[in-house]
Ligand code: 13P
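Listed next as structure tokens is one chain, alone, in the form predicted on its own.
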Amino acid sequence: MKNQLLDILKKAQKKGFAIPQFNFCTIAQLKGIIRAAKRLRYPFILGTSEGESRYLGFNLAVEIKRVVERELGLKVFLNLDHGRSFEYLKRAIDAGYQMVHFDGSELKIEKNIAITRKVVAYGKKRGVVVEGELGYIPGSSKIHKETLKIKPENMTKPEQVRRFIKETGVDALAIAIGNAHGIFPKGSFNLDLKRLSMIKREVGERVFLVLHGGSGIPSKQIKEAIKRGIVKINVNTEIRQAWRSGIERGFDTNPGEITPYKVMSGAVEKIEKVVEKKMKLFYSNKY
């Protein structure tokens, strides 16, 4: 059976653009994403972390994705982001997620490979795209006040990549090249683009390279990372930041308001702008 997500990732790899993944767990976030997607008509992935998926529930997340597809008249994909165990990812696959990400970055490479291989074996029989992770990506999805400090030993080692993809069979690989989760002070990010090029030489076109932490990285570095082989970029913190600032503005403007949709309208608008900006950057008119 044809796998539409793999086809789109292959197209991105061939033509030099990146598929965005936007994480969500509220209707305001979802509406902002939908509004931008309606205008731009670019393919994208909806993501839910373990925490977001526990809040929504697997079945609701899958049904929401289907509603979004009907609303847009576009194929939309749903990814379980940063799953920490085979058991949890299995539940996501059984519920109808089309992609899952096993994050074994804090494990020794042998254990990471073993669990990733198990996820791949289960997922591929069901037509699910599987993303692994090699190297440690620091930070969390929040606004960080401290300057980002990257330890070279935590970055993805090009010499380990070939072994990892050979022994796991993953479709996609999240890598650590100076990226981080969250938003850090200006000047914090300095992607190791030479390392990215070395990793790309190791994998060729066998796997799709993924960049997590797409919220805080400067546009110039994003464009160069795509040029050197990144085909999927995850965005979460900027969407959360837009949601909060929009809600706060709603209460500041109408302090006595208790009608949720009236308070949330500003959040939807701010999220829409973030998503539009990211889509235009990642696609750069190459789709």
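The first residue of the shown sequence is 1; numbering continues from there. Keep in mind the model is a prediction, meaning the values are calculated, not measured.
Keep in mind that the form predicted together with this ligand is not shown, yet the notes after this line are about it.
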With a 4.5 Å heavy atom cut-off to this ligand in the predicted complex, the contacting stretch among 205-213, 70-78, 105-113, 92-100 is 205-213
Just to confirm, residue 141 within 4.5 Å of this ligand in the predicted complex by heavy atoms? yes
Is there a heavy atom of residue 123 lying 4.5 Å or less from a heavy atom of this ligand in the predicted complex? no
Does the 4.5 Å heavy atom contact test between residue 135 and this ligand in the predicted complex come out positive? no
Does any heavy atom of residue 36 come within 4.5 Å of a heavy atom of this ligand in the predicted complex? no
Taking heavy atoms and a 4.5 Å limit, what residues of 168-184 are near this ligand in the predicted complex? 180, 181, 182
